[in-house]
Ligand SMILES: Cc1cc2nc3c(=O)[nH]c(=O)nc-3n(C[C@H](O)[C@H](O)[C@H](O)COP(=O)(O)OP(=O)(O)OC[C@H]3O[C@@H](n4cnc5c(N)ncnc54)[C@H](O)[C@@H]3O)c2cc1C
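Quick setup: one chain, the form predicted alone, written in structure tokens, and binding and motion questions come after.
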Amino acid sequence: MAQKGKVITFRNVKEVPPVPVSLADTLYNKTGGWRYLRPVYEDKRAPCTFNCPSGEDIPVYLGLIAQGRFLEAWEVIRFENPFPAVTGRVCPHPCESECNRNYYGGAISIHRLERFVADIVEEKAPKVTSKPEGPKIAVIGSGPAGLSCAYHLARKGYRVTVFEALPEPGGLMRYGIPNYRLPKEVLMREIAFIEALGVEIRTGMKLGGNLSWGELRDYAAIFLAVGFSKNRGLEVPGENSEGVISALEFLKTLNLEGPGALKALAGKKVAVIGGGNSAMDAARSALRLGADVTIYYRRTREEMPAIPAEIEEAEEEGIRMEFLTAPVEIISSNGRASGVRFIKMRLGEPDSSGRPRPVPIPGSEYTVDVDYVIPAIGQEADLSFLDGIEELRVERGRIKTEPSTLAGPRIFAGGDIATGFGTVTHAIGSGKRAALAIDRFLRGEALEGFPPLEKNVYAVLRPVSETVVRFEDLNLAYYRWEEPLPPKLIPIEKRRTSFEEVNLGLDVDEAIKEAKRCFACGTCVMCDNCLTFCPDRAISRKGDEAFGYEIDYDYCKGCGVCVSECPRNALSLKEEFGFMKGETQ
């Protein structure tokens, strides 16, 4: 065989090697022609990001936290979510239920890391001020959907005015979540960052009241994000008695007027009806006001829709829970609630929610003496502001929209009033979706083909395939079994008697340690495994400043060693035939 600058001659048959073998270095023998599979770098979706309603790029910012680069991590989060300090506290963190670490030590505490970054950065970070000069947009509602939409539109240069019916901005975040879960100064800090971008918030402005549709005619687009502002009724006799107060109204009074407005609950027996987050918030708040509280729920503990940690903390604080029971009547005396008649339930076949349907047990009624009843069985929309607006359609109590959030001529809708998802994080993602759609609409681009509602949209795109990396796709030889840090809470006695924030944050060392547990599923972190194990020396770093690797396909034989040794499945093997037809990496 030929070697550069030298000819090898065999003088007889005995000198010929018994098998075909190269007597020269691979630099002189391009072996890429042997290949029928081609390794390519292909960042894929981590299951946490895939399951994040607000569409955060979680592996990227966890990697930055692990390196101590907190400001950069915060900026990565805020590309998609303007409320990291809020969601780090109140999000039910579906990202963690999908985390591949669940199978190898326990899920990463993503929400606590998100909160850590926001808390450590926002108090010092200067607010980026700007004066947008683009078209005017009206946003109705200053909850998570409305403010998220305003934030993303302002970043794109639009002039946004947010109209809020209540005296303070924030929607459900402001009046529906108690201080022990979300201190109001944390929320207002993040709203201030949005206002600094040039977003104007006008409070005390109710659409259909002192704000007419005619006053919105000069806006290029309108986004409706009024949320669910009414509690569903129990639909039982006596529910209009004095002493029956909906969870939404109870929490609104507490958050806008303070604990003093509800001091009458001290020493009283309170029945909270329901099993969701509002029920937990109302029950735990009533306990802190000095009440004797019991939660009544028509299914079992396993079917409770509340965040599991909230249920556990409520039990730890001494709140009793009665399961498989439902109210059939509020008993009153002189027009005031004095008791509740309940009926026992059993679980039947699954209903539309997928949970077993509660079925009453005849003859099982019983009565409980109470002073106050707080129904918390869900919320619904007040759609009175739509009177006379024929362009908008309503289905099942919600505004009907296209996947792009378009609801009518230049009118978009999002958050609970359009999706009914019911979480702050879903609303944030919905607001971002609306902002991207409004921007496309005002630039004259078609809205057809906008990603469906069940698929996240991203304000910042990086080349990531649709493939979701699962636990079995990882190379565990490069990871250790590591358990998450346990939660830190204030002492139980202080929890029962004050509205001080219950969950304590992580310190710097804890945050870095926890972030380092992340597998970075599907995301190249330049660990050099591919380079180290390549038998053909076909892989090299792109350069001192550039991120990533280059593969010299003249020498790559497609053996797949680099792919199998990648710890996080950020490499893929593709059939060579596809590249011969013109496909690109």
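The model shown is predicted, which means the values in this text are computed figures rather than measured ones. The first residue of the sequence shown is number 1, and the count goes up from there.
What comes next is about the form predicted in complex with the ligand, which does not appear here.
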Note to self: The chain here is shown without the ligand. Which stretch in 262-270, 291-299, 163-171, 338-346 comes within 4.5 angstroms of it in the predicted bound form, by heavy atom distance?
What the structure shows: 163-171
Item checked: the ligand contact at residue 90 in the predicted bound form, heavy atom, 4.5 Å -> yes
Notebook entry, point to check: Wondering, does residue 512 line up within 4.5 Å of the ligand in the predicted bound form on heavy atoms?
Noted result: no
Next item on the list: Flag residue 206 as yes or no: does it have a non-hydrogen atom within 4.5 angstroms of any non-hydrogen atom of the ligand in the predicted bound form?
Entry: yes
Notebook entry, point to check: Any chance residue 401 has a heavy atom within 4.5 Å of the ligand in the predicted bound form?
Noted result: no
Margin query: Please identify the residue among 422, 238, 327, 275 with any heavy atom within 4.5 Å of the ligand in the predicted bound form.
Written below: 422
Notebook entry, point to check: Between the options 225, 118, 286, 153, which residue brings a heavy atom to within 4.5 Å of the ligand in the predicted bound form?
Noted result: 225
Next item on the list: Give, in sequence order, every residue of 370-399 that has a heavy atom within 4.5 Å of the ligand in the predicted bound form, or say none if there are no such residues.
Entry: 379, 385
